[in-house]
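Structure 1 and structure 2 below are the same protein chain in two forms, each given by itself as structure tokens.
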Structure 1
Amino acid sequence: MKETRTKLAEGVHLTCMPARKFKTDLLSAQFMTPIREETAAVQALLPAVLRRGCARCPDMGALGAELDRLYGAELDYTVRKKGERQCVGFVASLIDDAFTPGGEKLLEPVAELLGQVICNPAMKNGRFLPEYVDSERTNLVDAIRSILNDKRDYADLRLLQEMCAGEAYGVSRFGDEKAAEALTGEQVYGAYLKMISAAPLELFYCGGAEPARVADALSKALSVLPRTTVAPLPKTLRHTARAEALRITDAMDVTQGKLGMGFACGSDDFSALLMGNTLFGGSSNSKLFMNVREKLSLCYYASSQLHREKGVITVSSGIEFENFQRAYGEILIQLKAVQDGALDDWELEGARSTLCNAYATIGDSQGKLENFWLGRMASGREDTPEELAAGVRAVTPERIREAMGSVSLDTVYFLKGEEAGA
């Protein structure tokens, strides 16, 4: 069975991914908007406030009891960044009809509950409950601050913030701490009305039910959604390479240093960049893994990531403070090797199989499926996992050399210890 995409209402589309092999069904509702400094925090706050309660189940206890009764169905709010889009909404997981002990059907009641949470929030005097807004604002501010707790994530985030300062891509998915702190109930409610009426809404279902049944359940559940004209989303802008690399150092009381390097990609040959990135630092037989870790024992992790929409590659590594120069130099040497085409056949075949394996297994996980199709919708791309794999298979060493030749160092970020001099 293949995926189907149906329009349910103005700017509301349902993608059905039929599969009977899972124990559960996944149901997801995602509003997509351009990510902007002014709106990122308020939009990140919305699903958290909505998750606190709807008119029928007005608090966490009532909502939790309802979900427990539905065999521990999950209804989690999500805040993600896909290219220069912010995607906020809910992902629900429920036991498939085939496995409910009493033969109960859970799709309809869970879809209904999802609809209630989105369309019919707990309200007072025409506004969200102030105590919900206040406490979720505090939680959002705490979540933004807590990125600091995981130094690897923190360093990766700091690199992108500095590299893409002034660009939408430099805005984090939760937005800015100061903006979050200043949010009022009125602003949050205003943003809610705007989002549910005008933001494109992508619905996803993966499980054993027929698409018509899913469409019916969701149409009913979302029938009161006040849709107006939906404007198309602007494209993600590519990062422009800096002539001279930006260098940023932070100091903190840590035992391990974190080195982040950002590169701008000039090429549009996505399949070749993907192969080039995998060879450079995208797998456990990549040049970074084999050399920075295995040969020189400089680190436990050194890996690279391609940010497709943005045309950026980032490298992330954890090292001893005094090894900064060695690691930095070695990472550039390994990039040069990929750019020079110093690639053995086994490296090429390994990178190709790694990527094809990853594409082939997307359909084995409901979470990966949802994430993949959301990314596709957010970017406006049309390629399926099969087409992406075919693209990778067709890449030649010459194309890799050419595409990776357009990659240039843009930003260097180092998180060092307070006493260390690096």
Structure 2
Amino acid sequence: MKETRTKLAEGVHLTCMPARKFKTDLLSAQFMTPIREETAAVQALLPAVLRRGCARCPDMGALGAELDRLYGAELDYTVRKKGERQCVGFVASLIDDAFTPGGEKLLEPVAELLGQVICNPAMKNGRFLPEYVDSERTNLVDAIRSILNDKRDYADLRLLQEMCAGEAYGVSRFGDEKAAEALTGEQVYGAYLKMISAAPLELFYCGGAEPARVADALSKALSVLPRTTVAPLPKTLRHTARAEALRITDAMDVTQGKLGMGFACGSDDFSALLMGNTLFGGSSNSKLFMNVREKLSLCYYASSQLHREKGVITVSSGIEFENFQRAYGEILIQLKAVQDGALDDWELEGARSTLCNAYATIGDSQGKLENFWLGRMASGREDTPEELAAGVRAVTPERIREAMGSVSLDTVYFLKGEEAGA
């Protein structure tokens, strides 16, 4: 059976991905909102607070006991960024009916518990429990601060923040530390009421149950979900290339420099850009890896990523401080080689194989399937993994040259040591 998408209520849709090869089923509920600097932190906090308990299971102990009763079902909260969408919600995992003792059905009770967590959270005097809000706010602040501990992730985030300053794409999925620290219980509850009534809700199921049964279970579980006017999601705007590259340098107590480079893409030929990026720095056979890292030893790591919805390519690399200019220049040389079509047959076929294999293995993991289809819904795309693979197989060297020829340097970010020279 093919995937199906059904409307259950205003702004609530269910995507079923039939799969009988797994011993477990996956059930996901994701609210999608525009990611904005002023709301990112509070919305990132919401699912963590809701996961602390519901009216029937008012604390994590009671909730855990209920999940144990359901043969060790799991229910985790998620905070993700898809393009310029912030997706927050829950993912549940449960044993498929074919593997439960006596064929006991777990879909309905797990769906009901998911509905309880979303629609009937643990409350006190009409508000979230202050101790839950305080505890999860501390955890959120710690998560934001922990990004600084991984300098690679920090540099990648800083590059996007500078490149997309003033654009939603530059906002972190967890929001800003100061905003998180200042959150009050009233603000969190207000955001909750707005989210459950107005944010589009995408539901996903992957397992062996019939779609009609899944739809019935979730419709009943979410029957009290208030839906007023569902807010349409604004379209993601492509990044406009700068006339002159922006250059940003930060100094910190680090022993290894981080060089990030952002490029604007002027082409809409996604398959060709995807192939071009894979050839440039998107695989272990790429020009950045083979030449800048392996052959010239200018980088500890060097890779590139295509951000489809935003129309940008970013390069992430770790270097010695004194190698900044050489690494910077060599990265541009490797990009120019792709733009000029200086590509061997083995490079082209290696990139094609890497991408097609990645699309082929999406169906081997329920988590990958859910993540792929969530990204599809968040971006408004309609292509399937099979269609994406077919697009890659059809790309010619001429299309790669033309698409990559539209790529121009936009932003350069360098994280150096406090004692390093400029």
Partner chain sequence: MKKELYQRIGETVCREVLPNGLPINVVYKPDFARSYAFFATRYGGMDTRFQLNGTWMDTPAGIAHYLEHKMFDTEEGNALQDLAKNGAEPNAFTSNAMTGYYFDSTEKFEENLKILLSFVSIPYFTDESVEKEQGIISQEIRMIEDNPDWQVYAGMMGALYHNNTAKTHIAGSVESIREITAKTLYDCHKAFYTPGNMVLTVVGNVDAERVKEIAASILPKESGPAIPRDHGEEPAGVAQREVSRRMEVSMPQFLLGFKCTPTAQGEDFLRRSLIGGMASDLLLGDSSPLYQRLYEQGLINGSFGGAFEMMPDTAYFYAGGDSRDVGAVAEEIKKEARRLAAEGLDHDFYERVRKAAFGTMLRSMNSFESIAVSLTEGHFAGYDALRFPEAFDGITEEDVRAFIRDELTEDRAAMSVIQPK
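The term rigid core refers to the most C-alpha atoms you can superpose between the two forms while keeping them within 1.5 Å. Since the model is a prediction, treat every value here as computed from it, not as a measurement. Structure 1's sequence is the ruler for residue numbers, which start at 1.
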Practice task
Can you spot the form predicted alone among structures 1 and 2?
Solution key: 2
Problem - Rigid-core frame, C-alpha of G190, shift of 2 angstroms or more between structures 1 and 2 - result: no
Exercise for the section: Determine whether the C-alpha of E104 shifts by 2 Å or more between structures 1 and 2 once the rigid core is superposed. Expected result: yes
Practice task
Please check if L140 moves between structures 1 and 2, taking a CA shift of 2 Å or more relative to the superposed core as movement.
Solution key: no
Problem - Value in Å for the CA shift of Y300 between structures 1 and 2, taken after the core is superposed - result: 3.7
